[in-house]
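There is one chain below, alone, in structure tokens, taken in the form predicted on its own.
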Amino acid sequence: MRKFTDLALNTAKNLGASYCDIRIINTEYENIKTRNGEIGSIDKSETMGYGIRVVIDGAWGFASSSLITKEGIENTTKKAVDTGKASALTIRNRVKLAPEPVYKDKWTTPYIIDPFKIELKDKLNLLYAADEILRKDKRIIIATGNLSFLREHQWFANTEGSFIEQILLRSGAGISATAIGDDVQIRSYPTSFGGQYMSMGYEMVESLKLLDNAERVRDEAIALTTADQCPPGKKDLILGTGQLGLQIHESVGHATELDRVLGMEANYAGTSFATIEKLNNFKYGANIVNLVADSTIPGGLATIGYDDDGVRAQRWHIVKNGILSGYSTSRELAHTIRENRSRGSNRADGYNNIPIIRITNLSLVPGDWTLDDLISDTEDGIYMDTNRSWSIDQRRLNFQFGTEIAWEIRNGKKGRMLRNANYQGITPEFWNSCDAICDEKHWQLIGVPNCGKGQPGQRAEMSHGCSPTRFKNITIGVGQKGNTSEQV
């Protein structure tokens, strides 16, 4: 691939570009779904192409193509240069890239079992076996299973001298059961995002033990159809990892993407309340709240060697001891918060999109509670887990979340199961109400495989590590009878 990357870089320089990078990407994808004992869909695809970015006259230009030939590379580079020249006519601020060392490296996701070498029939047989358990009771009207695998082989080069080859691999799996009774209810395992996703091989699928959990998923779905409604009021709230992961994602991850903070994403899913004058002085959460971005953590969906700016993966605080302490940044925007180096958060969806700032793996540092002790310490509360619905305003401030399942906690004991549970809050008030976090034995990464952002829209993947956590005096049961709180 080196001859093609050199061709693009030399062509761009000859056309007057002050900077150029090229990403050549080969993507393999496989997604298998079953529904009620039959194949729902099988999607297998492979794509290959490249995207070229240039800076010319102080502005970005970008073009992409799947034609990997000398003529294709030259023409696409010229299109990128022409786009940059047109953009330069309207720019207010010239592109300024933070410095980054030159790298010549190869990085590969660690894995044990290549999922693309597992026979299709074996994958289907696993899903069929789970489906059989889920539908042993006729009250289950829909049973689904999902296996998903993605491999991205990327070559990156820029005019500064870097040449980086990466092979990124991720696997995903999950099941769900929908039951009908007094109500229609769903239970998912391990999460409601189509399952758990991690940067691993097929060994991740095996570790989930789908068959061992199918009976519980079925029985909980059925039990939820006749469970009591979640009572409204102000209560202490314990969030399980399946819900807390999304809470972190929506109210902290997106709120601290620097392009949103600067107003560059105002036309799609909003901006952010966490503006740059708050950096290092705003109390985002309680003193025990530490949220760390980490693109090096094993298994994370955003765990990489380098981002699409060619910046090496790293770890840093977003919130430290409750104080807003950092953002997700790119080489272009790092200087706006007086940082000398990008945090390596610039990623694109495939070869045909320009990189934009994305949440990396973002995790809540564990505390020192056991879950049993946390429940015993709670007099009047609700334990909620597994996301079912979410809503958050454009500034990432006011939110409402619903969960698949909940349990009442009274006098330190976990009691009756509850259905249709939800809660609402305001981001800094909510995180400042955090008073207890479970320890590392309860901590796990929750994969988000479908984060959307940008226009045209781009999908990205990332993980959020957390353990069950308690928040004090939260509005519960929004919209339930007897509750007059406004919905988000």
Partner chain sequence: MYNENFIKDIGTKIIGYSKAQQTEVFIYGNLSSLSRFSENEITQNVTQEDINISVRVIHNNRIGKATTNRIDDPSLKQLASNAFEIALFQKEDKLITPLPGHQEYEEIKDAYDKETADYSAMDRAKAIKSVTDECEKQEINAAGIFSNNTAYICLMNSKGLYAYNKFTGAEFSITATKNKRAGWAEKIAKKVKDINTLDIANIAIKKSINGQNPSDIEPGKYTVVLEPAAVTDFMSYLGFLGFGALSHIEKRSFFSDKIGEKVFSDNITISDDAYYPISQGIPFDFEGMPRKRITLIENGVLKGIVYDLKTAKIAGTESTGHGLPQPNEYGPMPLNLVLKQGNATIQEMIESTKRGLLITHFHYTNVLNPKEMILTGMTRDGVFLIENGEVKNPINNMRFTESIPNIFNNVEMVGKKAILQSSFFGDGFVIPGLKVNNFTFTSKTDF
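What you see is a predicted model, and the numbers here were worked out from it, not measured in a lab. Numbering follows the first chain given and starts at 1.
Note that the form predicted together with the partner chain isn't included here; everything after this is about it.
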Check: Which residue among 192, 109, 154, 87 has a heavy atom within 4.5 angstroms of the partner chain in the model of the complex?
Finding: 87
Notebook entry, point to check: Considering the partner chain in the model of the complex, which of 388, 123, 78, 320 comes within 4.5 Å of it through any heavy atom?
Noted result: 388
Next item on the list: Would you confirm whether the three residues 46, 266 and 398 all fall within 4.5 Å of the partner chain in the model of the complex, going by non-hydrogen atoms?
Entry: yes
Note to self: Taking the partner chain as it sits in the model of the complex, is residue 393 in contact with it (heavy atom to heavy atom, 4.5 Å or less)?
What the structure shows: yes
Item checked: Contact of residue 183 with the partner chain in the model of the complex (heavy atom, 4.5 Å) -> yes
Note to self: At 4.5 Å between heavy atoms, is residue 232 in contact with the partner chain in the model of the complex?
What the structure shows: no
Margin query: Taking the partner chain as it sits in the model of the complex, is residue 447 near enough to touch it, meaning that at least one heavy atom pair lies within 4.5 angstroms?
Written below: no
Item checked: Proximity to the partner chain in the model of the complex (heavy atom, within 4.5 Å), stretch among 266-274, 294-302, 214-222, 323-331 -> 266-274
Checklist line | Those residues of 327-356 which, in the model of the complex, come within 4.5 Å of the partner chain by heavy atom | finding: 351, 352, 353, 354, 356
